[in-house]
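A single chain, nothing else alongside it, follows as C-alpha cells in the form predicted on its own.
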C-alpha cells in the first residue's frame, strides 16, 4: 500500500472530495475551525477548471446586464477582499472596453453598468476616453468605427496557485490533503447516515476505508456522480470554455481588453458574448468560449478547431494591423464549468453561474459558482454541514483567509517585486524558497515571470507526482513557453533531480507523458481540414470572417 494511504489515520470529522478551488476553500476554513479534515482529489490538485480559467477575479459585468445584481455584489466584495489579503497572487488589472459604432453595447449602457460596479466596490474606478485617447492607450486597436471606450479595474490571479496556497496552508495548520486519491464509495449505516468513505490510489488502485460522519462533495462537474440532483428539473450542464495563449511580443497589449465578438449570434453556433484579452505571467490569454461538453469528464478537455476559429476571428478583427495567425499561438487551455441548468433552450451563456447546496444525511454537495466567490461557496457549504459536524466551540473562522505579508515574511527577506510575487504564490514557503536559492536561480525563465528557483521548491514540497503537475500547475511554464518548454527540460531535470529522485527510465517516461499531455490537451488541433461545424456558413463568413468588418 502507498505510504500516503498506509499512514492515513482512520477517523476524520470531515472528508472533502475535490481538490479544485471550492474544495480547497472548504478545506482551509474547516481546518481553521479546529476540525479534523481530509481532502482527496482523484487527479492532481487544481487539475480541472481551477487551473484552466480566464485567470480573472472579477465581479462579472455581464451579470448586471442579466439582472443578477446580488451575484455581482458578492463577486465584487470578494474581489476587494482578495486584493487586500493576497498581494502578489491577486493583483489589480486595468481593462479597456472599446466601443464601435453599431456593434455591442453603447456608451450610456456601459456607463450605467460601470457606475453600478463602482458603487458596489465603494470607489470610482472607471473613466471614458474618446477614440483618439483610447487609441493612444492601445495603438494596435482597430480604428474603423471606433467611437471611444472605457477604462476600469478588475483583478487577476494565478488560479492554480490560489488553490495550492489554500491547500498547503491548511495542511500546515493540521489538515491532510492527498492528490491522486479517489473517493470510490460513500458508505452509510442502516439509517442512511454517512459513516465512511473508501479511498483508492488513482494509479496503484490500492484502497482503504476511513470513518467520517460528514462528506462534502465539491467535485464540480462530477457532483451528480455522488449525489444526483434532488430537483428533477435542475441538473449540471458541463460547459467548455477555451482560451488561446500568445506571447506579449506577438500581442503587445498594455491592458486587458474586453470586447463583444463581431460575429452575429444567429449566424454561428456560439452566442454573441464578451471576449477577453488578458496579459498574464508575461503572455496574453485570449478567451473564452462557452459550449456544451458531452465527452468523458475524466479525459482532459482540449480546444476544438471551431473554437480556435472563433477566437482568432475576434482577435484579428480587434487587432488587424498585427497580422496574428494561429501559428503564433503558444498554447491553449480548456476547462469544464459546472453550471446548473433548468433545461429548455437556453444558450450556454444564458445559464446561471450561481451555486447550490444539496444536503442528505451527512453528504453535502456544493456545485456551480465562480472562482471569485470561492469563499462564499465554502462558507455556505460549511453552514449546511454544521448540524452533522462536532461542536469545536469555535466561532466563524476569523478573517482574513490568508496571513498578511508581514506575518509571512522573515525579517531577512527583502520585499522586492519578485519577493511579493513569491509570497503571494507560496505563502510562508517563500522564505525557504528565497533563502535556499542561488543568485542565478532567482532569475526568470525567459518569456515568463517564473523564477528558476520555483521549480525545485515546488517539486520538493508540493506533492508533485508527475512532471505535468510541476510544469502545468505548480508553475505554468508549460503554457507560457513554446513547445511546452521542451528546450528547458534538460535544465529542469538537472535542478529537480535532488528532490525528484527518479531514475533515468522514470525521467524519460515522465517527459514522454508530459509532452503527450501537452500535445493532446494544451495545443491547437490540426488545421488541415476545415471544421465541420463551419461548413454550413456562407463563404464570406469563413476564414477569415473578419474581412466583413475591415
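Positions refer to the first chain, counted from 1. Keep in mind that what you see is a predicted model, and the values were worked out from it rather than measured.
The discussion below concerns the form predicted together with a small molecule, not included here.
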{"query": "Triplet 183, 243 and 337 all within 4.5 Å of the small molecule in the model of the complex via a heavy atom", "finding": "yes"}
{"query": "Close approach of residue 56 to the small molecule in the model of the complex, 4.5 Å, heavy atom", "finding": "yes"}
{"query": "Non-hydrogen atom contact residue 220 with the small molecule in the model of the complex at 4.5 angstroms", "finding": "yes"}
{"query": "In the model of the complex, residue 49 touching the small molecule (heavy atom, 4.5 Å)", "finding": "yes"}
{"query": "Exercise: residue 523 in contact with the small molecule in the model of the complex, heavy atom 4.5 Å", "finding": "no"}
{"query": "Stretch in contact, per heavy atom within 4.5 angstroms of the small molecule in the model of the complex, of 324-332, 110-118, 357-365, 174-182", "finding": "174-182"}
{"query": "Heavy atom within 4.5 Å of the small molecule in the model of the complex - residue from 161, 375, 370, 476", "finding": "370"}
